[in-house]
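Next up: a single chain in structure tokens, the form predicted alone.
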Amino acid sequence: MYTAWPLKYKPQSLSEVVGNSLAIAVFKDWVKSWDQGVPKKRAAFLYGPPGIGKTVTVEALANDFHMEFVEKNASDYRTEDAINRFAGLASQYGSLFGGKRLVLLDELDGLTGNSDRGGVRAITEVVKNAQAPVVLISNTAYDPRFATLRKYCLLIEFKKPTTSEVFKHLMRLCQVEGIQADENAVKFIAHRSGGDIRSAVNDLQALAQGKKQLTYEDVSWLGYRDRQDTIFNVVRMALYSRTCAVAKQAVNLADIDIDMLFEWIYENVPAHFNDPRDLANAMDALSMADVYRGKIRATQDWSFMRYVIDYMTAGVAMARQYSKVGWVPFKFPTRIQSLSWSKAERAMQRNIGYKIKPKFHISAKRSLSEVLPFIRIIFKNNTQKAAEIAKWLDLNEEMVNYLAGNEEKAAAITALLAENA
């Protein structure tokens, strides 16, 4: 059965958490201090970038110390009344089963913004009167709304693990999975993860699962994804920035033109604004941006461009008032996709999809979106593996030419096929 490796290898003990040994030591000492009575700081405020192990550290500590673990998502407790209902969880150290209780309020970032209706103030009161250890988690502890709350918390900063720490963790996973891994290949994955453990483990699984060996050639094409990752970050800025200035910076970071960026934002707004009021306001902003795009086309007066940029970035970002923040994948603009594919190209891809379908036991549609892009990368960069794949999938010469992208590479692949026939 398929199991995501970040879940399969989720730390069950503090000894398994990657990096942040000093922060973890401080956190352990704070929890132990409750055995001598209620400490001066009744809450620990763990903060740092996402994906580096803050939440799993709290869960692992609860396992090690055999504590009853109570976890809540702060974004679901925005109002004072809701927080007060939550307060009972922190009102006693002992649990119903005679053990000790550890209370976690995660994603405190979700309380910031106009949607917070007394939530931060109520959490501050909970912390001041807590009789059990309370842990707060956020990407930052220095949002102005947390100014009073910080006074009652022990601040513990979690930092991104080093590339070396991520590398060692990935090598351990390879050993457990019985994979003989080229160290340079694993270092490449560790380096490009930027300290995000979840991302690194996901990449390793995608590249190595089911294999006995992992070579540098198997992973080097990941660099191709970085350009797509960049546009994802740009769109994320336009959709989630808290200030107009930051949202407008998205245009400067994008390596695509304004019209293409508009299509990316337009495509992804409906999925990322889950409150109908926010969605209506975001689409209004995009409609105004489109009005000014029309003026530019009609008059060739490029001074209107500043209004296009303002509405499609800052206008969209400021529309977010009530939508909950959660992980939603970004999608390639379907309007551009449909315009860029010729009938012949779609037919070719469909035929290749039917070749892939029985080998991977997935639909032809999934074959095109999930497998074909990677096969094209291999065909353009590794002639030997391309020939092996072409033989395995029983691809004809036209299919090989299409995947290779140029006649020289296609000829080399075809020659290898002929030699191995």
Partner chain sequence: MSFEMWAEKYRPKHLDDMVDQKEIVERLKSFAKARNVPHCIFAGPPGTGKTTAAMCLARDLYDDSYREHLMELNASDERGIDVVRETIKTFARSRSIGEIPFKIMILDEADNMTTDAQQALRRTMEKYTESCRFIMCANYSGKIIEPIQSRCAPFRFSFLPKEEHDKYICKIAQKENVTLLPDGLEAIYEVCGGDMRRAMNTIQSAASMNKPVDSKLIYAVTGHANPMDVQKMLVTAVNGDFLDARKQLRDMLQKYGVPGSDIIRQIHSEIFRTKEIPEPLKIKLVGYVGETDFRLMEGSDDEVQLSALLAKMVQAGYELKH
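In this text, the rigid core denotes the largest set of C-alpha atoms whose superposition between the two forms falls within 1.5 Å. Positions refer to the first chain, counted from 1. Keep in mind it's a predicted model, so treat the numbers as computed, not measured.
Same protein, other form: the form predicted in complex with its partner chain, not shown, and the subject of what follows.
Engineer: Is there a heavy atom of residue 396 no more than 4.5 Å from a heavy atom of its partner chain in the predicted bound form?
Structural biologist: Output for residue 396 is no: heavy atoms all beyond 4.5 Å of its partner chain.
Engineer: With a cut-off of 4.5 Å between heavy atoms, is residue 370 one of the residues that contacts its partner chain in the predicted bound form?
Structural biologist: Judged by the heavy-atom cut-off of 4.5 Å, residue 370 is in contact with its partner chain in the predicted bound form.
Engineer: Applying a 4.5 Å heavy atom distance criterion, does residue 151 contact its partner chain in the predicted bound form?
Structural biologist: The answer is no: residue 151 has no heavy atom within 4.5 Å of its partner chain.
Engineer: Residue 334 near its partner chain in the predicted bound form, any heavy atom under 4.5 Å?
Structural biologist: Residue 334: contacts its partner chain in the predicted bound form.
Engineer: So which of 374, 65, 69, 34 reaches within 4.5 angstroms of its partner chain in the predicted bound form, heavy atom to heavy atom?
Structural biologist: Here the answer is residue option 374.
Engineer: Given that its partner chain is left out here, which of 231, 246, 348, 283 has a heavy atom within 4.5 Å of it in the predicted bound form?
Structural biologist: Looking at 231, 246, 348, 283 one by one, just 283 meets the 4.5 Å heavy-atom criterion.
Engineer: In the predicted bound form, do 279, 354 and 381 all reach within 4.5 Å of its partner chain through at least one heavy atom apiece?
Structural biologist: All of them do, each having a heavy atom within 4.5 Å of the partner.
Engineer: For the interface check, one of 359-367, 38-46, 24-32, 52-60 should have non-hydrogen atoms within 4.5 Å of its partner chain in the predicted bound form; which one?
Structural biologist: Residues of 359-367 come within 4.5 Å of the partner.
Engineer: Which residues from 290-306 come close to its partner chain in the predicted bound form, meaning a heavy atom within 4.5 Å?
Structural biologist: Stretch hits, in order: 290, 291, 293, 294, 295, 297, 298.
Engineer: Rigid core superposed, CA of residue 171 - does it shift 2 Å or more between the shown form and the other one?
Structural biologist: No, the C-alpha moves less than 2 Å.
Engineer: Would you tell me if residue 297 moves between the shown form and the other one by 2 Å or more at its C-alpha, with the rigid core held superposed?
Structural biologist: Indeed, residue 297 is displaced by 2 Å or more.
Engineer: Is the C-alpha displacement of residue 17 equal to or greater than 2 Å between the shown form and the other one once the rigid core has been superposed?
Structural biologist: No, the C-alpha position differs by under 2 Å between the shown form and the other one.
Engineer: What direction does the residue 328-residue 144 Cα distance move in the predicted bound form compared with the shown chain, closer or farther, given a change of 3 Å or more?
Structural biologist: They are closer; the C-alpha distance drops by 3 Å or more in the predicted bound form.
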